[in-house]
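Below you'll find only one chain, the form predicted on its own, shown as structure tokens.
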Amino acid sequence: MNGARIEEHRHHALRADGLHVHYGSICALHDVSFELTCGTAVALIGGNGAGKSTLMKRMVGLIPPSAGQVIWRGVPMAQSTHEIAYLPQRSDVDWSFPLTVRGLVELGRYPLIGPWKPFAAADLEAVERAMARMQIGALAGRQIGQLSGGQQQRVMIARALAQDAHVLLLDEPFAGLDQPSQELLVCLLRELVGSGHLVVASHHDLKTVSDIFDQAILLNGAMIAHGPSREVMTPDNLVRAFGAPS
């Protein structure tokens, strides 16, 4: 992506206005509002049940709204869903499915071309480019269940890139990865941010938030704080999110 295109992307904004999500009588999210711009890495921080996964699923349209709206580039997000990619936790994916790495990355093109249309040259090029960027070209013919945790995460991100997604919503991307895989993933995510993408990831390692992410959103059913990571991750805010240590 050239420099002019990167700068154009940095002006793209994802905005949440007054999001509420209920599961029956249970309020999972209450009045959550923020604005995020491309070229930023944002951590979603909170305890179990704080609403991190619910927020991401609501942003991408997998959960119907109780109230509020998500705006992407000035229009309701539902009008440009292919530009927003949600990557679930690896434990939520059936890695035993008989699909190759290339086949999984190719799935990213179907939101753009439709389920029954053949691939054009541009689609094949997008798949190759995404695999090369995530350094998985040599794995193209492997069945997805034969991959390590770090490789699986890179394949999922490659699928999002093949989709031409501007925004990547990652649910616990570092969970279960060994240290070298974590370090590689940090480098890849920072590269994506540097090229103008917006990366939003739920994250549980409080010690590394400020090292990896530019901003943080602290949740506990409602939004406690949002801003630069070092300003959000204060002792007072963490007590409000997690409670006082016992």
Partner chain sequence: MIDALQDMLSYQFNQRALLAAVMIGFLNGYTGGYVVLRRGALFAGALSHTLFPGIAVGALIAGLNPYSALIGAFVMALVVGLGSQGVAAHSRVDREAVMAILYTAATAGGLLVLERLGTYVRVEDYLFGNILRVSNWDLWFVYLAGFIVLSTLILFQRPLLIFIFSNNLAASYGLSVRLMDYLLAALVVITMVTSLQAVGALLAIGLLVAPAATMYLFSDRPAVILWGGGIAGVVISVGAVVITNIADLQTGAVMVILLAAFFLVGFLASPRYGLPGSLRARRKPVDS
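Positions refer to the first chain, counted from 1. Remember, predicted model here, so these are calculated numbers, not experimental data.
Just so it is clear, the following notes concern the form predicted together with its partner chain, a form of the same protein that is not shown.
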Check: According to a 4.5 angstroms non-hydrogen atom cut-off, is P173 in contact with its partner chain in the predicted complex?
Finding: no
Check: Does its partner chain get within 4.5 angstroms of any non-hydrogen atom of K57 in the predicted complex?
Finding: yes
Margin query: Check R159 for me: does it contact its partner chain in the predicted complex (non-hydrogen atoms, 4.5 angstroms)?
Written below: yes
Next item on the list: Please run the contact check for S96 against its partner chain in the predicted complex: heavy atoms, 4.5 angstroms, yes or no?
Entry: yes
Next item on the list: Using heavy atoms only and a 4.5 Å cut-off, determine which of A126, V167, L104, L139 is in contact with its partner chain in the predicted complex.
Entry: L104
Next item on the list: Could you tell me which stretch in 57-65, 217-225, 202-210, 36-44 has residues with non-hydrogen atoms within 4.5 Å of its partner chain in the predicted complex?
Entry: 57-65
Item checked: Residues within 4.5 Å of its partner chain in the predicted complex, restricted to 144-181 and counted by heavy atom -> I144, Q146, R159, Q163
